[in-house]
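So this one's two forms of a single chain, laid out as C-alpha cells and tagged structure 1 and structure 2.
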Structure 1
Amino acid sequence: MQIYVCVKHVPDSAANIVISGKNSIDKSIPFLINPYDEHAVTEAVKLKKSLKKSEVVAVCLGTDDAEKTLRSAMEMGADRSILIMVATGQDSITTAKALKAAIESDGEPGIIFTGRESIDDVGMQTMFRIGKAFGFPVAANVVKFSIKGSKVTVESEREGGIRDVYELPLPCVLAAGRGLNTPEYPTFPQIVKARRKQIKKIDFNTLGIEKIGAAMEVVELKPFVKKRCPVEIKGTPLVAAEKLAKILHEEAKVI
C-alpha cells in the first residue's frame, strides 16, 4: 500500500514570535515538524511494518527550509518525500489542492495521514479538504487505529474524553491526535540512513492549481499580550486561602 503522510514545517513551539511588517513573522527562528504530524508519521511507519510491500511517503508544501521537516519524517522512518515548493505559505484551500495534485501524480494512496491541526495556523481543516479533493472519507483526531482488509477502525476523540468509534473504507484520510502513539527520537543509524533518502521537489506553479475565488488571507498580525500585574497573596496559609476565596467571590465573581 502507498501510505502518504502530510507534514508541515512550523515554528518551534518554544520560539519567540516577532512580527515583521503587517502580516508576517520574522522567520529567523527554529522551524520543525508539526508535533501532531510526528504522530502521523509514527503511525504510518508502524502500519508499513505490518503490511507487505508498502511505502511511506512524506509530503510537505513549504519553502526550501521545509526540507528539514521532511528529513525528520524520513529519520522517523518515511521512505522518501515530496516537497511542493512555494515562496510563501498558502491557505488550506490551496494547500489541500496542491497536496492532492502532488500525491496523485506520485501514486495511488491507500491511507493519507495528517496531523489533527497545525500549531501555527490551527486551521483544523486541511485533512477534510484533502479528503474532499480525493473523495475519501476523513476521521479527525484519531487516537486509536487498526486495519483489517480494506477497512479501518479508528477511535476519534471528540471532547472531554468522549470517543467516537468509526469504521472507514480504504482509501481514507486519518488525522492523528496525541495519544495515538509515542513518537521516538530517531537513532543515529536512522539519521544517517535518512540522509540518503530522496526528496522529490515539485514547483508549486507547475501543479496548475486554479484559484477558485475562495480564500483565507491573514491581513494583519498583532502580538497578543494580556497585561497582567502579578500581586502576591500573603499571610499564613489560612489567611491566604481566605483572601483567595474573597478574590474569587468579589473580583472574579465565580463563587
Structure 2
Amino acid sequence: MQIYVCVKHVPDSAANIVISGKNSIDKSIPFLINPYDEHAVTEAVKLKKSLKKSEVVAVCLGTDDAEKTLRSAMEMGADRSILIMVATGQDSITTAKALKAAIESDGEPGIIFTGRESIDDVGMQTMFRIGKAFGFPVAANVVKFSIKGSKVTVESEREGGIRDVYELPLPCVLAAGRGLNTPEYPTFPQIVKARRKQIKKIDFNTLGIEKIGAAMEVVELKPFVKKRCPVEIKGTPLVAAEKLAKILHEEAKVI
C-alpha cells in the first residue's frame, strides 16, 4: 500500500513573527513541520510497519526551504518525499489540487494522512478538498485508528470531548488530531539515514492546474493585540470570591 502524508512548512510558533509589508511575514524566522502533521507522519509510519509491501511518501507544497520539513518527515520514518515547488503560498483550493496532481503522478494512494489543521492559517479545509478532488471519504481530527481488510475504523473528536465513530472504505483521507498518538522523534542514526532519502521536486507550473473563479487570498495581516482591563476586586474574601465568580460566569463565560 502506498501511504501518502501531506505536510506543511509553517513558521515556528515560538518565534517572534513580524509582519512584512501588507500581507506577508518576515521569512527569516525559523520554519518547521506543522505540529499536527507530526501525528500524521507517526501514524503513517506505524501503519506501514503493520502492512507488507507498503511505503510512506511525504508531500509538501512550498519553496526550497520546505525541504527541511520533508527531511523532518523522513527522519521520522517516511521513505521518500515530494516537494511541489512554488514561489508563493496558495489557498486550500489550489493546494489540494496540486497535492492531488503530484500524488496521482507518483502512484496510487491507499490512505492519505494530513494534520487536522495548520498552525499558521488554521483553515481546516485542505483535507476535505483533497477528499473531494479524489472522491475519497474524509474523517477529521482522528484520535483513534484501526484497519481491517479494505476498511478503516476511526474515532473523530468533536468539541466537548464527544467522539464520533466512522467506518470508511479504502482509499480515504484521515486528518490526525493530537490524541491519535505521541510523535516519535528521530534518533541520530535516523537523521543520518534520512539524508540519503529521495526528495523528488516538481514545478508547480508543470501540473497544469487551472485557475478558477473561486479563490482565497490574504488581503492584509495585522498583529493581534489583546486588550487587558485590570479590575481591582475589593471586599472580604467571601465578597471578592462572589464577585470573581460573577465575572467569570457573566463576562468571561468560562463557568
Partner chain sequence: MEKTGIFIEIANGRIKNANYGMITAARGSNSELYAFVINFKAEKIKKKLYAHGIDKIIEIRAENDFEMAWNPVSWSKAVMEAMNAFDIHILLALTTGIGKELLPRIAAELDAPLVMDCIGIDFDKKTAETFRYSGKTIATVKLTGMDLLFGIKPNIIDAVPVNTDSVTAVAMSSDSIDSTTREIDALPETKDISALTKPEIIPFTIKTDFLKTTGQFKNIKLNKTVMPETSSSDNFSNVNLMDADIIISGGRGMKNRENFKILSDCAKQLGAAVGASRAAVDSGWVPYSMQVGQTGEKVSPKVYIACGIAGSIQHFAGMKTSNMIIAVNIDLDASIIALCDYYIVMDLFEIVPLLTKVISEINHT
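Numbering runs along the sequence of structure 1, starting at 1. As the structure is a prediction and not an experimental result, all values here were calculated from the model. Superpose the two forms; the largest set of C-alphas matching within 1.5 Å is the rigid core.
Remark: structure 1 matches the stated condition (the form predicted in complex with its partner chain).
Hinge residue for the rigid-part rotation between the two structures, picked from G135, K227, R196, T88: K227.
The chain behaves as two rigid parts between the two structures; the smaller one is rotated by 44° relative to the larger (C-alpha superposition). For L238, the Cα shift between the two structures is 7.1 Å when the rigid core is held fixed in the overlay.
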